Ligand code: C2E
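One chain comes next, on its own, written as structure tokens: the form predicted on its own.
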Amino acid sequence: MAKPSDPSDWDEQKSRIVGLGERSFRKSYYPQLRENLDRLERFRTLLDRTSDCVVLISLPEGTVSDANAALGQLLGRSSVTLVGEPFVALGLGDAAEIVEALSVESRQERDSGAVPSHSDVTEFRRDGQSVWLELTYRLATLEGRSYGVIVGRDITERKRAHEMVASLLAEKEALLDNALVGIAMVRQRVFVSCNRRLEEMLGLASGGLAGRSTRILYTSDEAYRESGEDAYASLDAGQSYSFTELMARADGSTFWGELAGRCIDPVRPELGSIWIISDVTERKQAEARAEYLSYHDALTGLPNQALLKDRMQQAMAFAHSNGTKLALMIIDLDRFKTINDFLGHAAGDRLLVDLARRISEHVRNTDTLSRQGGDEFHLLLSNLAEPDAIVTFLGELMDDLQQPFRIDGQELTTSVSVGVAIYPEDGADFETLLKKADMAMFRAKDAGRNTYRFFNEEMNEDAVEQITIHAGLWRALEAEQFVLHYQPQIEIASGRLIGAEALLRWCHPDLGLVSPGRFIPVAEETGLIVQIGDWVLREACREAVRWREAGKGSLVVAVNLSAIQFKRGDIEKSVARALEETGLDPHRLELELTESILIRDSENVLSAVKRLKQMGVKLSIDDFGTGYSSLAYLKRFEVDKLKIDQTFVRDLVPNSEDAAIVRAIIQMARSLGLKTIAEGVESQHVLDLLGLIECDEVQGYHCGRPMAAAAFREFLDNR
């Protein structure tokens, strides 16, 4: 607050104002003058004690006529010293403009009589500090002269407060306008205010939402009414509320909005509510896509097994009520792996899409085609009066699927194998029908592919046996359930016993004696054939040593080798280990190889065969004549013997074609310096004929059946 001027200053001013000496001033005959002076003194005291700066300037000169103590304090001077100075010299804002404006008004006042008031905000700096002043000025006329009355108020704190509030408001607006969600204040279902994000979300210009009904958000009056009833029932109860709704933009397009709101004051809900609105379209689309993919195949868009199962349950219920049937088919693309390996997985995927489209063209709207992954499709044919219709359907379908597909500019011809199970004959639930259709499909594969098979009970029995075999194989070696039987091999010219072929048998605790044809394919599929093959080698070599110890040291034992042993095992080490552990002369071991072994990965097999020959073992080709037409491998592999397959030998006498084939094999072998042995000899007539066409050796039931080791040793003793 400004301090009053010094008393001496005021006395001096009083003298100047009155214009009389001290003696005249104190005379009692001037009562009115004293009263005026008292009033003036009180007014002066009031001005000096106010915190606002007050200055009176004479016009048009623009000099200071009077000033209060607050102005002197602001300028750091006595207010008396300011009198007579030019106002522009004080440094208060645009002083020259103020003086000019007041001067102009003083001239205009004479014409209009109007006395306007002006204000301006200016910065005054002193000692490095800023003081913001609000200058209010207007024209005043005293005793015919024009003056300017200027009041300066210190608004520094107010300005700082305004700036702080403005900054906070700017930050708030920036925060709201840059939020990723829409924010709005609503009262009586009318938008009071909102951020820019909500306007953008709705496709509106800035300021285009305030004052509008919330109906603008909704796609229909019904949605607007229902959401309002639910929302305000919760808000009026003092609770928050959230929901997801399909919402409308200004251009008519839609988006999924998630809204969450609560009252500003739960006690007074009429004051309005605050809502947060999020565009969750991408999330809803992702959820819809996830929902779709949970029931459909991503590649083809066909139903998956979950959806197929649901539809099949409905179809079975309908069939049960109406006395009809349905068929579940498994359609498996033949040799799809070869296509993938040749053209790549991308081309394979395009083939599957085209295949799905082509199959779909044959099915009704009431049927369901499903892809289960890979190259396998499931097809449900519902509401069938008779299963005979399935045969016609399959014939047309398979003919169509054999037509070429064009993939990446290349024509591909393929085929399918199909297994069929019928409801209710083959099962009353999805899992049973699926299992039986799968059995039938594999039977179609076994039949040479490009065909179909209906399930029958024999398949079920075979499947049970396969499962039993598969599970039992893992225990068979450890439980010592495998045994070897030995079938004699005879030299035709001398009738001499030259050796025996070791034949594997499995003494299954439940199935009894199981032949190799029933369990070897399973052993090869699981890879267990490698361990089984190692056991066979050791046991056969061990038995041959017993023959030697019994005085039959010239006999040779023949052991079959599987292609899997060459591919997954280390056949050379297995043979060497068996010979070393048993002490058998390598020349008394003959390894029987199939043609398929010799032509697969022939370079590696050739190296292995050469190393086996270097050990001293004999090599023969088993089932010769049933495999590959090319005999070029005979030039490269140093085999000792060809075994003529029994399919040619069994009907040798009545069938001239078989006789011609056998004769050709024998002649070719003799020209290559190879011996021949015929298997499957079951009569003296066949034996005599083989002797006439110069076959070297034979084996078969006529010469001796396969025998257990002890029985074979007894056979040797008796012979």
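Numbers for residues come from their place in the sequence shown, where the first is 1. This is a predicted model, so every value here is computed, not measured.
Omitted from view is the form predicted in complex with this ligand, to which the following refers.
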property: Heavy atom contact within 4.5 Å of this ligand in the predicted complex, the stretch among 512-520, 96-104, 199-207, 120-128; result: 512-520
property: Listed residue that, although this ligand is not shown, lies within 4.5 Å of it in the predicted complex (heavy atoms), from D279, E539, D623, E245; result: D623
property: Listed residue that, although this ligand is not shown, lies within 4.5 Å of it in the predicted complex (heavy atoms), from D52, E682, D651, E694; result: E682
property: is_contact(L503, this ligand) in the predicted complex, heavy atom dist at most 4.5 Å; result: yes
property: Touches this ligand in the predicted complex: V557 (any heavy atom, 4.5 Å); result: no
property: 4.5 angstroms heavy atom contact with this ligand in the predicted complex for Q646; result: yes
property: Non-hydrogen atom contact I529 with this ligand in the predicted complex at 4.5 angstroms; result: yes
property: Candidate site Q487, S562 and E592: all three near this ligand in the predicted complex by heavy atom within 4.5 Å; result: yes
